[in-house]
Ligand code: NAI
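Quick heads-up: it's one chain on its own, the form predicted alone, in structure tokens.
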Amino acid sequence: MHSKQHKYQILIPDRVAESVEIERAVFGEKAEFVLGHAAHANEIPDSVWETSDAILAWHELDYDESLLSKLHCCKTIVRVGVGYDNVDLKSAGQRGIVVCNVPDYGTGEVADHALAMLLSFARGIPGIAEKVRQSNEFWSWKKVGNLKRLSDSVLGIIGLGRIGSAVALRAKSFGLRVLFYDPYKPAGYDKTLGIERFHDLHKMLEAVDYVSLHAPLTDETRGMADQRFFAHLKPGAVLINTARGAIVEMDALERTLRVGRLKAAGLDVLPEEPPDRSHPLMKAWTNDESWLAGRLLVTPHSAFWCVEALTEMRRKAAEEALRVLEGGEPLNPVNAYLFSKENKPAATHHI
């Protein structure tokens, strides 16, 4: 339990550079905060890692075996966000460190972003907006290209978690037929949401006009959207990724766009952020090459963003850390299975 003499040392290694008013409102006088301002773990002295009781971790640093070995006092690492692929869960668990995340802070915002990208392509907005900016030659509805009525279209969702479900409900309101693939969901979600379930990913890909990714990054999902994935996707389909960049194999995406099998792609996340602009796809996008014009939307990992969502995310992360430090049960542990008798992976590790 917390004593009056001891203040918890809360380390925020990255991202938060100045004010901790949000976190301090949660901890009150129970904690002192150390801001690392770090892009790499070695920029923070070992003495700080060794004495920290909890870490509010963003996603710039990798919490691997080497770094975790320095955490002598740490009881919990809370990812200020949804993804936790930058934390070695097993190594943390072996040291008695509970790893948690904040899975629900920006559900609506990410779902809105995914639908915004889908709707932009459905109405041909990226391509025609740029053309009419350049010249009145394109001031005609005929220059927009062949568009398909949205209510006659099919959306496939990969990963029916909080965000995937929110996307499904939004898409239904636009009249889309919605399919989903998620092998870790119990039976009945299709009935609850009024959507259709596929147990074979490739069969679903063959049926959709749009596919939206909402899976976490795991060993299973890394590189999932590869050449085989795109080969099964219905010709002329659109890919939306607001999940994790490494789920999509960039070479395969570039080839599929270049040959025209994939109509367009909307990416809020990339395997490397900021992007490696020497990659053929990023190079073509940067140079506005004609073959890619209007077919690729890239946003800077901003799907989650709004003032309210950021505040909620930071507040909930701080509340989770305090809950663990005070001896309570965490609400969102992602390595809880390492502390259980069964020692079985939890469902949160999957799609």
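Keep in mind it's a predicted model, so treat the numbers as computed, not measured. For every residue, the number given is its place in the sequence shown, counted from 1.
Beyond the structure shown, there is the form predicted together with the ligand, which is absent from this document and is the topic of what follows.
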{"property": "The ligand: the contacting residue among Arg255, Arg177, Arg162, Lys131 in the predicted bound form [heavy atom, 4.5 Å]", "result": "Arg162"}
{"property": "Answer option from Phe121, Phe229, Tyr181, Tyr210, heavy atom within 4.5 Å of the ligand in the predicted bound form", "result": "Tyr181"}
{"property": "Interface membership of Asn86, the ligand in the predicted bound form, 4.5 Å heavy atom rule", "result": "no"}
{"property": "Close approach of Phe304 to the ligand in the predicted bound form, 4.5 Å, heavy atom", "result": "yes"}
{"property": "Exercise: Ala215 in contact with the ligand in the predicted bound form, heavy atom 4.5 Å", "result": "yes"}
{"property": "Contact test in the predicted bound form: Thr242 vs the ligand, heavy atoms, 4.5 Å", "result": "yes"}
{"property": "Triplet Val82, Thr221 and Asp268 all within 4.5 Å of the ligand in the predicted bound form via a heavy atom", "result": "yes"}
{"property": "Per-stretch contact check against the ligand in the predicted bound form, the hit in 154 to 162, 139 to 147, 86 to 94, 255 to 263 (non-hydrogen atom, 4.5 angstroms)", "result": "154 to 162"}
{"property": "Residues within 4.5 Å of the ligand in the predicted bound form, restricted to 104 to 143 and counted by heavy atom", "result": "Tyr105, Val110"}
